[in-house]
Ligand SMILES: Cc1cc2nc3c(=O)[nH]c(=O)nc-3n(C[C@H](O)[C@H](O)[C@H](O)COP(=O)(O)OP(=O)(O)OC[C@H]3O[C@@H](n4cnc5c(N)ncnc54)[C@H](O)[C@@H]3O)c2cc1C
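Below, in structure tokens: the form predicted alone, a single chain.
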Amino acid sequence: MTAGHPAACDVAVIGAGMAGLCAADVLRDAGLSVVVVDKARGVGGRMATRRLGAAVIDHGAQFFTVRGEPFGAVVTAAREHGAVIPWCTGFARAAAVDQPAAPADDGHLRHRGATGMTDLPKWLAERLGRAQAVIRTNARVTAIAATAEGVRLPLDGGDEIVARGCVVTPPVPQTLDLFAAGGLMGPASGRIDGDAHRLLASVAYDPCFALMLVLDQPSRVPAPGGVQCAAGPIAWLADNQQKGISPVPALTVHASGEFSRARFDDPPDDVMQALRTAAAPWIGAATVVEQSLQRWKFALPITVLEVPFVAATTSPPIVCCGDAFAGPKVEGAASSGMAAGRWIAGALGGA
């Protein structure tokens, strides 16, 4: 697309994480033209995998479960195409990071991406591409505005997208900022519904530090490669080699919400040192040969709305969805996106 020339489509989807991709999937099935736009270089959002030296590390979402039929159908199709495989039926649990871990097996299957957690969103994006949906990455939406033409989304660099409707999936505080920038929360015609605003404004999140460590020998994390901690500075440790995605030993260390809130603005080196010290019992005799720190500002919704989506406006239709709606985590985000897609397809007269 050329800067300054608006792109017209039926629905613009902001965010190429699980909610956005699943919403777009429903919309394409309804026969609507879709443009998905994301500020990141790739798709997936917090379904994130990266390389660090020789290691492959999942540093956002670590696994996903299936409890409902709609998301189950997506996972079944992804498994048939080799994008998703089973991991385990439970993880070790510890009262705190410095306490012994007891095996845990609840019999409920956890899945992972075949080569990393980005595999599922990448597979969804490829399926959307085959259905003629447009996915634009490295494109940051700066505002959401309602006009006589529909929804207008200006982008960094001077380009814009114009659509008949919009699905909005970023974390809710970022969504409200986009509404404010586009005049939807002021006195102008088309401002968001008051009840919708009150619901959205009630949502809060915990941040999370994700420390990635490449080791020179195996860690002490027990099979199947994950430890959940009930208290202390660390909430989760995963061994990506045991998990089956890294050719060399590599740990993912997720800090607790309390630790992440308290130290979110601290120097990264100080945070890494504190988390390495806390994780020492699980690093064992191994030496850390490489490390990196990711800050997830809106990692876990601590206020989850009971509804699967919130319709911010009906003319033009703008709907908010994601992991803060009717159930967090991967399946919650996917199910919310599907529900939002069905609503906006109905609003626009899709099949």
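When you see a residue number, it is the position in the sequence shown, counting from 1. These numbers were taken from a predicted model, which means no experiment stands behind them.
From this point on, the text means the form predicted in complex with the named molecule, which you will not see here.
Using a 4.5 Å cutoff between non-hydrogen atoms, Leu300 counts as a contact of the named molecule in the predicted bound form.
Interface residue remark: Trp282 is not counted as part of the site for the named molecule in the predicted bound form, having no heavy atom within 4.5 Å. Contact check for Arg342: no non-hydrogen atom falls within 4.5 Å of the named molecule in the predicted bound form. Interface membership of His254, defined by any non-hydrogen atom within 4.5 Å of the named molecule in the predicted bound form, is confirmed. Just one of Met47, Val35, Leu32, Ala55 comes within 4.5 Å of the named molecule in the predicted bound form, counting any heavy atom, and that one is Met47. None of 124 to 132, 77 to 85, 169 to 177, 269 to 277 except one has non-hydrogen atoms within 4.5 angstroms of the named molecule in the predicted bound form; the exception is 169 to 177. Contact annotation for 44 to 83: residues with any non-hydrogen atom within 4.5 angstroms of the named molecule in the predicted bound form are Gly44, Gly45, Arg46, Met47, His59, Gly60, Ala61, Gln62, Phe63, Phe64, listed in sequence order.
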